[in-house]
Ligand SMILES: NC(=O)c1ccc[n+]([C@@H]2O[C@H](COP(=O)([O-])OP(=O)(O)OC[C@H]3O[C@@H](n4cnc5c(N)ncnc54)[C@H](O)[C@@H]3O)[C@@H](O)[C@H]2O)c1
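In structure tokens, the next block holds one chain alone, the form predicted alone.
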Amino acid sequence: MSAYLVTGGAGFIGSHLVRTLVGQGKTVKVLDNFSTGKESNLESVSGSVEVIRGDVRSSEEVERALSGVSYVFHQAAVGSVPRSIADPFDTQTANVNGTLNLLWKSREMGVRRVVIAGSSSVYGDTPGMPRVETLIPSPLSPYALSKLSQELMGKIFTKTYGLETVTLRYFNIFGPYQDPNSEYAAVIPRFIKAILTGQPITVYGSGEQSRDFTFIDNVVSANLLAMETTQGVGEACNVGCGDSYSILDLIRTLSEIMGVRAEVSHLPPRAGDPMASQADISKARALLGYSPKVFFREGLEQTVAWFTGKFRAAGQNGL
């Protein structure tokens, strides 16, 4: 039976992929250095996956992880725009050098396909909305540049080396298991935690900036489709819902769902953050057969329910 490797498999998106693959009866391996990934994210499948504590920048550890593997979901990365601005070197080595190392070893070891986690951040502030893949990228941060480098390397490895790759440009993914405690936490888990603990929500800028918030189930579906597509090999496809909501829309909706009027404090805008982002998903529909199943409000309701349950189980000592 062909095995699957999920790099960054103890992280938010990676662990969702791992649990889904295990549920489908697949043989699954995880490579994670646990810098941000958590062992607790894999508790429900412990004993069903082989977990290798290692880094995609290490040739030896990648080679060990790829042994017997035919399919790779490459989720490992140093995430976050602000983090990359504070330390562009770590972002570069992990995301660019690490991806090059993984692709090179995958080619050497006979991997059939690598699905790469890309990012909508590659569009930056280039004119044109919704974002369509034919727009010229205009990255605004070292993180965005590293994600563009990843997908271009994938394309090169397909065209030049014959290794099948597909890149998915993620648009603001959210859902259960996302970390609300990181210094660079995404807005939705951070906002939910603030409301649950009675703290004010911090908004950078006016709050009018908009995003295509995409529930995790849609991303898992897109990854599985990308691993099977015959038409999308060597391509980069947007993965979102095709909708756009402002940060203030998000706060209003969370307040409605949670039955609390959230207090909001504003700070200056953050460097590297585009004002607007919305996916055109027609390419993913055509090449992957992708179609979002869970939209904004329903996804928020599921996410709030999960975090609320976790909060209560922790005895309100935090998330």
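In this text, all values refer to a predicted model and were calculated from it rather than measured experimentally. Heads up: residue numbers just count along the shown sequence, starting at 1.
FYI, the form predicted together with this ligand isn't displayed, but the following is about it.
When you look in the model of the complex, the only residue of Ser265, Ser67, Ser35, Ser44 with a non-hydrogen atom within 4.5 Å of this ligand is Ser35. For the options Val78, Ala194, Val203, Cys237, the residue carrying a heavy atom within 4.5 angstroms of this ligand in the model of the complex is Val78. Remark: of stretches 227 to 235, 195 to 203, 165 to 173, 151 to 159, the one touching this ligand in the model of the complex is 165 to 173 (heavy atom within 4.5 Å). Remark: Val18 does not count among the residues lining this ligand in the model of the complex, judged by a heavy atom distance of 4.5 Å or less. The closest heavy atom approach of Ala94 to this ligand in the model of the complex falls within 4.5 Å.
In the model of the complex, this ligand sits within 4.5 Å of a heavy atom belonging to Gly54. Val72 falls outside the set of residues with a heavy atom inside 4.5 Å of this ligand in the model of the complex. Although this ligand is not shown here, in the model of the complex the stretch 4 to 43 places heavy atoms of Gly8, Ala10, Gly11, Phe12, Ile13, Gly14, Leu31, Asp32, Asn33, Phe34, Ser35, Thr36, Gly37 within 4.5 Å of it, in sequence order.
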